[in-house]
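The data below hold one chain only, encoded as structure tokens and taken in the form predicted on its own.
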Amino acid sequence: MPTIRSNLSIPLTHLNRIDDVRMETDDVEKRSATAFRPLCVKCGVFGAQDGSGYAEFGNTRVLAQMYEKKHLTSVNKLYNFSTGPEGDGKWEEAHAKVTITLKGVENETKVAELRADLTSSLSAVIFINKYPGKVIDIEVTVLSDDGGVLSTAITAVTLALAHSGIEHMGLTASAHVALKSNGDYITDPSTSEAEDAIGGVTFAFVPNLGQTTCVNLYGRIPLKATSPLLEFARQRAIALVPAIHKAVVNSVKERK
């Protein structure tokens, strides 16, 4: 396995605490079609530092970190307080520009697809008009991928957004569901569990708005099976909302 290098630096003491909101499920081979793999979510991995989130579903683990942003006199640049301003700063808009830096994924096609889905989902919930000319960049590091990496990344990103203090419309809940040839569903399948699936979907939406922010369908899904699959995925995403809310509440308590 290649070593993943990232700007993220997590002390071992912090890693030991990334279990604040852990949802245990039955063993993989025994779990039902509606059960998730054992999951862990954390809002605020770096203590007092704003803008970080972690999500783990089974052996799929993703870490997200938002860059600090700063308005620089007459121009607007992405500003990372660790390395300084980035970009030429020549563009200027009436709203913020959302960018994704993706690490830990080697396949260029998959990188492009993940970046597009994450950018679209994130842009849909941020009040970008309140940050004119700014760049909001989030670094997403895939620590390990055993299926459902897009859904896991969306969860990590929404936790990082909640921790950052950037104004947004609400938390995004996401679920990955696969469809078997016999019509059975598999919630949050691992790579091995999805081997006999004919397709699936990663579905994300904002529950308090009822707004869908991501629908990523793949495989050979019959047209008549699409609508039921999307509804099932929506219900599974709803089931994650309490765990996400609890992670955010825990991060607020830690700041006090």
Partner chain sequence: MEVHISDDEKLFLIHGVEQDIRNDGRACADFRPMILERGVLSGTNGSCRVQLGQTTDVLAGIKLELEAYDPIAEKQPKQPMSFHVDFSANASSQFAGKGGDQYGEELSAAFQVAYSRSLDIIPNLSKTQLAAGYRWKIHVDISVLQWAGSVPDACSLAIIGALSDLEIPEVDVTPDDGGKVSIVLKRPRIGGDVRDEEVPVAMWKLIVTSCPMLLTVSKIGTANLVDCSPEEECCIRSQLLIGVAKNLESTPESDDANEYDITCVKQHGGGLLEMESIDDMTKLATRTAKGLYEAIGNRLNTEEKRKPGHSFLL
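All values derive from a computational prediction rather than experimental measurement. Numbering follows the first chain given and starts at 1.
The discussion below concerns the form predicted together with the partner chain, not included here.
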query: Contact at R115, A197 and V215 by the partner chain in the predicted bound form, all three, heavy atom at most 4.5 Å; finding: yes
query: Partner contact for S120 in the predicted bound form: the partner chain, 4.5 angstroms, heavy atom; finding: yes
query: Proximity of T109 to the partner chain in the predicted bound form, heavy atoms at 4.5 Å; finding: yes
query: Distance check, T226 to the partner chain in the predicted bound form, heavy atom within 4.5 Å; finding: yes
query: In the predicted bound form, M169 touching the partner chain (heavy atom, 4.5 Å); finding: yes
query: Residue stretch of 32-40, 50-58, 218-226, 183-191 approaching the partner chain in the predicted bound form, non-hydrogen atom distance within 4.5 Å; finding: 218-226
query: Partner contacts for 231-254, taking the partner chain in the predicted bound form and a 4.5 Å heavy atom cut-off; finding: E231, R234
